[in-house]
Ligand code: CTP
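So this first bit is one chain, no partners, the form predicted alone, shown in structure tokens.
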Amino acid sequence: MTSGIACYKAVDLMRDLQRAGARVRVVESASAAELVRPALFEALSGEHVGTSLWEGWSHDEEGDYSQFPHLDFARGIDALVVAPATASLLGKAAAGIGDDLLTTTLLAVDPRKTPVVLVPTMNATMYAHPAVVANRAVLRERGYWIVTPDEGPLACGEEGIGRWPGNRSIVAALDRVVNGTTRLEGHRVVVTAGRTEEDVDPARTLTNRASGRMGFALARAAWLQGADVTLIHGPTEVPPPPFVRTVAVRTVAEMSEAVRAALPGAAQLWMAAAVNDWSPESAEHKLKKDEWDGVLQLTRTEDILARAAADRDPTTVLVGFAVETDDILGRARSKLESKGCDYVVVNNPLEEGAGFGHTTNRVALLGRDGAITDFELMSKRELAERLVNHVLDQQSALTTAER
């Protein structure tokens, strides 16, 4: 970490990385150590914090001092994150200057072999300065990953780009460079998620209990595979994953229009949203209980899945989702055939830990070839990764067979 004013947020970033299972070692520039004391990071990490090439060198198991502390911090790591990264740090990294422990450690890591993620934070004018822009371009060409900062109020009192992008974005970027692949690089994936709402009157809606977690996990999983992801989601209390294009909708008609706009050229469409099958005739004014008989006149909504199957490009892989409580596989098979899907993912919300509102799910995946793959109860995040990988494996096998 360098001495950007956002360096105090690095404490929470370290904790979030630890919660994700990482062992974190901290190197501070001398200026950063003046703003956030090394003792804080040492207490929370249980690791020696590096601040100088000449002081506080680490011990090996026999009590001897390391002769090369910058190499000590660079060896055996899975990734290096500089957060925050000042304009000075970007310039030194681009020029290959190593004049303290942090910059020499950075030089001791080959970004073509070990991922290096830079998180610039600074004044907006500094961020847009031609020299800083050129330094970022040089670093990207050399294989460094750069997380774009947020826009908004800055510590200096000005408005613009240069804010800390948030821990979720930084951890997600690290997730992709460490765990991601390029299987979907150059391809676009569309995912629908969450519930839809249809108005009964200005105060009431007809909806369902879908949280959006499964669809959001699928969007993240596709992004980890290198895809350009468009996530179309209904109302939800769950934040969408970073780095995906989001389209917020509410009604079936809005979701239908968004899918229609995003579908052309998509490599995959994952229809994980719980779309209302029925829509009431909406009243202009709130229905009063002493004036209303309680009867709703419902009409069928558009079948977005069936229309997408008819409109998609021949190469677009279509994955539908079904929630069933009886004759689960039979009904899922019927949906796959009648809707024209390549795959259908089906689950039973009556099973413990599965379905709406849970962070876990248990599903079966049915393919057009008749194959059924059961996935045991697991987190929706892990399940999404396995589903995306399974479909990619199946499509790769089909392509190979056709050759």
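None of the values given here were measured: they were computed from a predicted structure. Throughout, we count residues from 1 along the sequence that is shown.
Omitted from view is the form predicted in complex with cytidine-5'-triphosphate, to which the following refers.
Only one of 160-168, 290-298, 96-104, 316-324 has heavy atoms within 4.5 Å of cytidine-5'-triphosphate in the predicted complex; I'd like to know which.
Contact criterion met by 316-324 only.
Quick one: from D150, E257, E302, D199, grab the residue that has a heavy atom within 4.5 Å of cytidine-5'-triphosphate in the predicted complex.
When cytidine-5'-triphosphate is considered in the predicted complex, the option within 4.5 Å is E302.
Report the residue, out of S88, N276, S211, T205, that has at least one non-hydrogen atom within 4.5 angstroms of cytidine-5'-triphosphate in the predicted complex.
The residue from S88, N276, S211, T205 that makes the contact is N276.
In the predicted complex, H70 touching cytidine-5'-triphosphate (heavy atom, 4.5 Å)
Answer no; every heavy atom of H70 is more than 4.5 Å from cytidine-5'-triphosphate in the predicted complex.
Evaluate V81 for contact with cytidine-5'-triphosphate in the predicted complex, applying a 4.5 angstroms cut-off between non-hydrogen atoms, and reply yes or no.
No, V81 stays farther than 4.5 Å from cytidine-5'-triphosphate in the predicted complex.
Are any of the heavy atoms in M271 no more than 4.5 Å from a heavy atom of cytidine-5'-triphosphate in the predicted complex?
Yes, M271 is a contact residue.
Close approach of K335 to cytidine-5'-triphosphate in the predicted complex, 4.5 Å, heavy atom
Judged by the heavy-atom cut-off of 4.5 Å, K335 is in contact with cytidine-5'-triphosphate in the predicted complex.
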